[in-house]
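One chain follows as structure tokens, the form predicted on its own.
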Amino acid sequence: MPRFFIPAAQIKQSHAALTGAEFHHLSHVLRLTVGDSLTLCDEHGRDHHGTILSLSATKAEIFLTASSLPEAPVFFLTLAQGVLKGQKMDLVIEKATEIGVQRIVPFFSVFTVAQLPADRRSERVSRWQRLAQSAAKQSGNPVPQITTPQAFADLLATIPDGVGKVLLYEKEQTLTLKAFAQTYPSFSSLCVIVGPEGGFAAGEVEQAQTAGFQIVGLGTRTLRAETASIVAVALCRFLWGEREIPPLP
């Protein structure tokens, strides 16, 4: 069923009005018409199922038949991502959403290559949110929360106790993520930190260890930053978040 994102303010009891880019996608890309079924998703994670009542040149009126609250995730995955240049960051946002993260925390560190002035950060976050919404439509996953880019030290201070903490370090050759999972086979919440193109400074690795992060590697291969992030998210979902496979019918 097609999914569209709508501000909760545009939902009035059993009716909703879809406008803007989402209306354009409904009308001119998918070419839905009166009577077609769809799902509307608001910023609170609620799904609203309904049918199209009418179409005009600028909006679609939707009659809502049912609404549901988001289910609490069994495994809550946070990706803390060193800010990457241009399309590399876009790619990570898109693929992490498709694979299934609940939160993305961009950060700046010593070797961050990408420059993002403070007055442009809110604009960039808005872009990332649009990319995440598009990826969520395709995958059926909830849209992850994306925070404003922050300093690495601030990131370390914001991860609460009780959350699993892992930092991927390109120079770590002893402990792999797989071996770490064998020692800690169960997490309800995990934060995985992946660095920027330049990796991490030795002092940052020490800071992370002091903050309770386990330093792990992905193996012997040297991966690009964006590849490492996608691989890390997929492995974390596999190792801790995809434990139950539905039986075949």
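The first residue of the sequence shown is number 1, and the count goes up from there. Just so we're clear, the structure is a prediction, and the values are computed from it rather than from any experiment.
Just so it is clear, the following notes concern the form predicted in complex with S-adenosyl-L-homocysteine, a form of the same protein that is not shown.
**Student:** Only one of 162-170, 144-152, 131-139, 86-94 gets a heavy atom within 4.5 Å of S-adenosyl-L-homocysteine in the model of the complex; which is it?
**Tutor:** The contacting stretch is 162-170.
**Student:** Is Leu30 near S-adenosyl-L-homocysteine? Define near as a heavy atom within 4.5 Å, in the model of the complex.
**Tutor:** Close contact is absent here: in the model of the complex, Leu30 is far from S-adenosyl-L-homocysteine, nothing within 4.5 Å, heavy atoms only.
**Student:** Looking in the model of the complex, any heavy atom of Leu53 within 4.5 Å of S-adenosyl-L-homocysteine?
**Tutor:** Result no; Leu53 lies far from S-adenosyl-L-homocysteine in the model of the complex.
**Student:** Given that S-adenosyl-L-homocysteine is not shown alongside this chain, does His44 nevertheless sit within 4.5 Å of it in the model of the complex, heavy atom to heavy atom?
**Tutor:** So His44 does not count as contacting S-adenosyl-L-homocysteine.
**Student:** Considering only heavy atoms, tell me if Glu206 and S-adenosyl-L-homocysteine come within 4.5 Å of each other in the model of the complex.
**Tutor:** No, Glu206 is distant from the partner.
**Student:** Can you work out which of Val231, Leu239, Ala225, Ala16 has a heavy atom no more than 4.5 Å from S-adenosyl-L-homocysteine in the model of the complex?
**Tutor:** Selected option: Ala225.
**Student:** Leu190, Leu26, Val216, Leu38: which sits within 4.5 Å of S-adenosyl-L-homocysteine in the model of the complex by any heavy atom?
**Tutor:** It is Val216 that has a heavy atom within 4.5 Å of the partner.
**Student:** Can you name the residues of 196-215 that have a non-hydrogen atom within 4.5 angstroms of S-adenosyl-L-homocysteine in the model of the complex?
**Tutor:** In sequence order, Pro196, Glu197, Gly198, Gly199, Phe200 come within 4.5 Å of the partner.
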